[in-house]
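Okay, so here's just one chain, in structure tokens, the form predicted alone.
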Amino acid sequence: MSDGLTLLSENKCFGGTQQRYSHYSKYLNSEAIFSVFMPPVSTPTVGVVLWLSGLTCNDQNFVTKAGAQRVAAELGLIIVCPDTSPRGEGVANDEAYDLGQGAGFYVDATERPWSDHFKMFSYINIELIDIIKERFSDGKKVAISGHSMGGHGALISALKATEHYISVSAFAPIVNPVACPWGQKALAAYLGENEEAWREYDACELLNMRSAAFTLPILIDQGASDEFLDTQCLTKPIESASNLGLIDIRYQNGYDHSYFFVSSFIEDHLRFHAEHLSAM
């Protein structure tokens, strides 16, 4: 295609289309893949929800497990789902599930061998956001959401690239990565041992630094039976990170960390974003 995107697949879905694209990313220095749900042409489009997935996922996990298309078709929401990291031959990797391919952590790596490809923050918030606005949304506003590592990515994107987003939500987000095993491992590998650099990708730290200037509405759902709730510092630390009153945090009894949890509450999140996107 003339804009550099190659359509890999397209399926009819709730009157709209579920598409998958590849393109060369200058920030990832590799091919990148993302999925897009386009609502029916008969439904007025109110905006875009950019979804960031968690550890071990790619662009397809949300597409096939969240059950979001029915509501997105009703509300006129475009949903864009990128991969969680660069991939391919020549891209650095690790044998562990929580580092390397499938675990980009939405940061711009500065340490070798990761710095050659792992520029996920810039890919999402510069390159992909430009593609969305130019190719899919006709300049309409964007909201951002995510799960676990992707919830971390959504929050730091909204806090660091606020000009792009109208609202932000998260499921079971890693909100304080400087203090949890997943975050400490990834940030040390990608950014080195200087913990000041880590804080620039920590939602709690960013809220404390920038709360006076941050006005985006935030919705967070957390499973109360999530096996990682305490061990990975999910959600709880952000309760005291800001007194803005903009954060709606809901603990859902009996729910764990899986996509069963995400699919149970994704309609709430899409309606939350549609309300704010429609108001602009």
Ligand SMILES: N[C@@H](CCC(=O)N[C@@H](CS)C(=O)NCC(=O)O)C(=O)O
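Numbers follow the displayed sequence, beginning with 1. All values reported here derive from a predicted model rather than from experimental measurement.
This next part talks about the form predicted in complex with the ligand, which is not shown.
Which one of these stretches, 143 to 151, 70 to 78, 194 to 202, 114 to 122, sits within 4.5 Å of the ligand in the model of the complex when only heavy atoms are counted?
So the stretch in question is 143 to 151.
Looking at 214, 27, 255, 228, which is the one with a non-hydrogen atom within 4.5 Å of the ligand in the model of the complex?
Of 214, 27, 255, 228, the residue with a heavy atom within 4.5 Å of the ligand in the model of the complex is 228.
Only one of 33, 46, 57, 238 comes within 4.5 Å of the ligand in the model of the complex by heavy atoms, so just point that one out.
When the ligand is considered in the model of the complex, the option within 4.5 Å is 57.
Is residue 272 near the ligand? Define near as a heavy atom within 4.5 Å, in the model of the complex.
No - in the model of the complex, heavy atoms of residue 272 and the ligand never come within 4.5 Å of each other.
Report whether the minimum heavy atom distance between residue 259 and the ligand in the model of the complex is within 4.5 Å.
Yes, residue 259 sits close enough to the ligand in the model of the complex that at least one of its heavy atoms falls within 4.5 Å.
Look up in the model of the complex whether residue 65 has a non-hydrogen atom within 4.5 angstroms of the ligand, and give yes or no.
So residue 65 counts as contacting the ligand.
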